[in-house]
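Form predicted on its own, single chain, as structure tokens, below.
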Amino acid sequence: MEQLIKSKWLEILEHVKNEYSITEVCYKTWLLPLELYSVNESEESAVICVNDEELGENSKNHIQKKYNILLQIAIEEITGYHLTLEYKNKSELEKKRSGSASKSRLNAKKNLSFTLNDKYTFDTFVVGNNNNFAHAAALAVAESPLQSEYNPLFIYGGPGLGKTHLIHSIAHYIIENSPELQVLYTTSEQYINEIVDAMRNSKSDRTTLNNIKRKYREVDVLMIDDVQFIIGKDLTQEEFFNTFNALYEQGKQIILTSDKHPNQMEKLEERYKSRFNWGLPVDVKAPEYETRLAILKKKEEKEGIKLGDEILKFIAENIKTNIRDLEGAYNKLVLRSKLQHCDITLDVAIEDIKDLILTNEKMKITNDYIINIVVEHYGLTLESINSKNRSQKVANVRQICMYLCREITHTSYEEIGVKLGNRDRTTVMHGHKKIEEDLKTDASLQNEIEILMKIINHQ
């Protein structure tokens, strides 16, 4: 990914200039000097280097504010990758680079864990019924990595459910609280590449292979993400299990993630399955509604962009696959809000994320959803509908809400009343009955209800 984006960088900058009519002066002053410093594929993020030595230390804020969205869009249109961009001054990066070099000599143990996502910590992990046991086990291992009875800790579950978040959280916790321990986190892809390259060169030089073996066998905590990709690759698999045995016999902590329980891995030999089961296999399931909503609210709080409770509830009710899709829907709406400098309505949210909703699963229609559709259709606000306002227009729209909620969701009059300013059962029942009677003679009302039904059911 990084090589592709770097090779297209000038094209990306020129695309911004041409597509958004950036003047030649602004282009040469602000955009052309920008450098793509690094790309973190697992984080889907990139660091852009700003030459503060020529443009001044405040230039970074100006560029981020004025060109960030345009650069994000251009990168995605030309390369197909959607990245979060971070801007750093050249002086800051050079200082960090020189500081890291000296620090690595003094404290090499911390720097063995590469590509850790700073956002993936226990503090940012939302615990629910779907993952509470896995979270508790992960925290127990993080607190006592060399005394843990959970060795290996084997976290499994489908894609996008938080396995990587948990394993990164463990790494951050140990590095911060047990700096004397040598921690190594890697992905299966990185591990395979290192082993294959070392084996390829071993015929002429055994040093590289021996160094790789020591790298993985002389640590206190080894973490490998998506270990299932190692299974079935004979030479790499054999080397991995030699490393596994060496670490286990020394009492070192091993933490693995996978998409399946060890017993469900078809290509995994029984002797290896038994090793994975020595410690504790824990699963992470798809989050239930309450956890999905909590994740979105935490993300909204962190981003500082308010989509509103009704839109968050709509996303949480309809995006059920995994956390990645859930956050993807949220990010899509936030990006639209930034680009168009406007608030996102429920109608816009429905249209924007309908492609992310499971095609084989009917969208859940709730009382909140119906009330929002009706209120927006008549140009009113939720506050007016929920208030004691008894003007004819507000009262009529409120009764239409009562009627449609009852007809479509079949929930009780009490539940509907709660959604409409805590009105009592009798009031809701009267409102429903009035609309029902008026529909028998009022052709205009019949037409309005028909239109609203089509909007609500997306017909």
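Heads up: residue numbers just count along the shown sequence, starting at 1. Model, not experiment: these values are computed from the prediction.
Here the subject shifts to the form predicted together with a small molecule, a form of this protein not shown in this document.
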property	result
Whether 379, 399 and 403 all lie within 4.5 angstroms of the small molecule in the predicted complex by heavy atom	no
Contact test in the predicted complex: residue 214 vs the small molecule, heavy atoms, 4.5 Å	no
Close approach of residue 352 to the small molecule in the predicted complex, 4.5 Å, heavy atom	no
Contact flag, residue 126 vs the small molecule in the predicted complex, heavy atom cut 4.5 Å	yes
4.5 Å heavy atom contact, residue 327 and the small molecule in the predicted complex	yes
Of 254, 295, 134, 219, the one that lies within 4.5 Å of the small molecule in the predicted complex (heavy atoms)	295
Contact residue in the predicted complex, from 120, 240, 154, 314 (heavy atom within 4.5 Å of the small molecule)	120
Contact segment among 263 to 271, 161 to 169, 339 to 347, 187 to 195, judged by heavy atoms lying within 4.5 Å of the small molecule in the predicted complex	161 to 169
Relative Cα spacing, residue 343 and residue 375, in the predicted complex - shift of 3 Å or more	farther
Relative Cα spacing, residue 375 and residue 319, in the predicted complex - shift of 3 Å or more	closer
